[in-house]
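Take a look at this one chain, the form predicted alone, written out in structure tokens.
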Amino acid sequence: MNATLEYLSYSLETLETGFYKLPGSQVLARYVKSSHQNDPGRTVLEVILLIFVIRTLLQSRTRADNSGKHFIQFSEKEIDELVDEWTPEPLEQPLTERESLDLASLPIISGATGPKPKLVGSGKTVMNFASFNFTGLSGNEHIHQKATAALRKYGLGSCGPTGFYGTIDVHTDLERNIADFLGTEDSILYSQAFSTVSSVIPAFSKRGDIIVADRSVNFAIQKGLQISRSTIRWFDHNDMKSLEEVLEGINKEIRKRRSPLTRRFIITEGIFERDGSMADLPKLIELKYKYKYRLILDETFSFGTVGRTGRGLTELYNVPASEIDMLIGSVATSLCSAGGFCAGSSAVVKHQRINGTAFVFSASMPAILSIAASEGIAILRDSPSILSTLQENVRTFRSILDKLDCITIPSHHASPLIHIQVRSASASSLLPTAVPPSASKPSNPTSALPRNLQVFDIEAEERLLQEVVDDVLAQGILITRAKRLRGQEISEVRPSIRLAISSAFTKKECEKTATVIKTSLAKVLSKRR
């Protein structure tokens, strides 16, 4: 008996010595001793759970049932009948009659696009106020010659992302041209305009960081906010007082909770895609420095359209571009090419070359488009008359359309992107009125919905506006309704006709077009009374 006890004692000592040689064994031993001393019942429960886990891991995860008693045997004929009877559910609901008509009525351009393209089918030449040809560079003969020469030299595709032999000398030339044109240290080129801002945002802002955004930012920004998983706070559309209130509220919340220091951003647009309104850049800069935020400004529709030479809001308000941390623009609109860019400091650009998903994983822009964009910048730099003509055409349109009582134009008077909405005339009208300002309720910065949510009949308004589009097209003018992804954006946008004014037209042509649109609006909208 003594020999047995001595053997057991020796074995336990050996096991104990071997256990304490394992990494982390001391921590585990202290935990078990402390747990057992405070609550012995807990130790018993943990031992039982450990035994259960070991048993579960050791036993087979799947037990084959070879008896077949739980299966129904079908003959080949029965199997074929079941397969024939099965009807898969559709991936999406079928198009409504209205959606089918919209698709069928889309005009198709024959040949090269430009200010006066031809339509397939009718062969009619129309004046194009639907495409974003603001500067009239689409169809420019000089750019056409340069692009043709580039096609012969470089071919068409880049055949790879920028980090994998997709970078060509003309790409770096365009990046330098953009940075020099705007007055920033550097810029980075993206292959697609939509994916630019939705890639820039998550490259810098992560979970736990704070973003303060305008409630009417475009869909691309919305996707970037969603991908970033940051804490989002919203301010009323283009309302600097609301922005300051939100920034002050965040500061109070941080002091109260003693939250750790995080990165903080203000995100807005230069000219808003949703309604054509324009941001107050000097006030944004003031608030940025006052509350210590970084500013991300999407100038997709203001770059190349405002300012003496088209440098955007920085030139219009005489603000150095270096005051904006990340300045985002489109190469596809005013430069009539493709892609987008982000301009800023060298550190900002270099970070995106490693962390910008759309930059890292997308094939580089074809060389022909890079050369076309570089030539477009040179033309804007040397021809300020393009921008003065564009602004003159904008004023011509607004002088005629602003006189119409049955519509509302929320766009800024200098914006070449003009949205025309149906005015809510009265309570008996087809379209209910919005909440009056006196009934305004406090803004909730955690909600993306507007403070005073307007109520409108989307289907009825779109039907009326499409009648105007069709009527104007019959008279040789191409315009369009603003198309939306209903149900996918953070809030529903009121239907509108979207005009893209171009410097390619004369003042007389703009007067004629505006008069035709005004007459058509008055005729169609009179039906709703």
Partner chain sequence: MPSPIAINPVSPSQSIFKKTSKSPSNLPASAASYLSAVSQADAHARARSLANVVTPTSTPALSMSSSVTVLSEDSILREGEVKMYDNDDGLSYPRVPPTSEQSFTTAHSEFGHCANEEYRFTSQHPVGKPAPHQEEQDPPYYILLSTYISFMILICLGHLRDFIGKRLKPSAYTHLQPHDGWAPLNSDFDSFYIRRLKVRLDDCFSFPVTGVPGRTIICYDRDTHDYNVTLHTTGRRTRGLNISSYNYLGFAQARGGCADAVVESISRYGLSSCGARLEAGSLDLHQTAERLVAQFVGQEDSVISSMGFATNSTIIPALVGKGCLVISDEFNHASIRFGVRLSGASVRTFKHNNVKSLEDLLREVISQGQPKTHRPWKKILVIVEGLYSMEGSMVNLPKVLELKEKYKFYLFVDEAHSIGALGPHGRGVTDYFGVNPLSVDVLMGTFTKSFGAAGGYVAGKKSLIDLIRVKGHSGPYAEAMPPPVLTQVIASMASIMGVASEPLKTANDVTSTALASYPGPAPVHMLPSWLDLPPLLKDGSEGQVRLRRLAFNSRYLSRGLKKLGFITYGSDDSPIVPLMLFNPGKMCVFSRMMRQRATPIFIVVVAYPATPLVTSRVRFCLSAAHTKDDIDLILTACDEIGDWLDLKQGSGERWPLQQIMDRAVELVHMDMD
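Fair warning: this is a prediction, and the values are worked out from it, not measured in the lab. Residue numbers count along the first chain shown, from 1.
Not pictured, yet referred to below: the form predicted together with its partner chain.
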Of these, 236-244, 276-284, 96-104, 307-315, which stretch puts a heavy atom within 4.5 angstroms of its partner chain in the predicted complex?
96-104
Triple contact flag Lys252, Ile407 and Leu449 to its partner chain in the predicted complex, non-hydrogen atom at 4.5 angstroms
no
Just checking whether Leu58 would be counted as a contact of its partner chain in the predicted complex - the rule being heavy atoms within 4.5 angstroms.
no
Check Ile54 for me: does it contact its partner chain in the predicted complex (non-hydrogen atoms, 4.5 angstroms)?
no
Please check if Ser195 has a heavy atom lying within 4.5 Å of any heavy atom of its partner chain in the predicted complex.
yes
4.5 angstroms heavy atom contact with its partner chain in the predicted complex for Lys292:
yes
Using a 4.5 Å cut on heavy atoms, which of Lys124, His413, Lys153, Arg423 is close to its partner chain in the predicted complex?
Lys153
If the cut-off is 4.5 angstroms on heavy atoms, which of these, Gly344, Gly376, Gly339, Gly270, is the one near its partner chain in the predicted complex?
Gly339
Though the partner is not shown here, which residues of 86-116 have a heavy atom within 4.5 Å of its partner chain in the predicted complex?
Trp86, Pro88, Glu89, Pro90, Leu91, Glu92, Gln93, Leu95, Glu99, Leu103, Leu106, Pro107, Ile108, Ile109, Ser110, Gly111, Ala112, Thr113
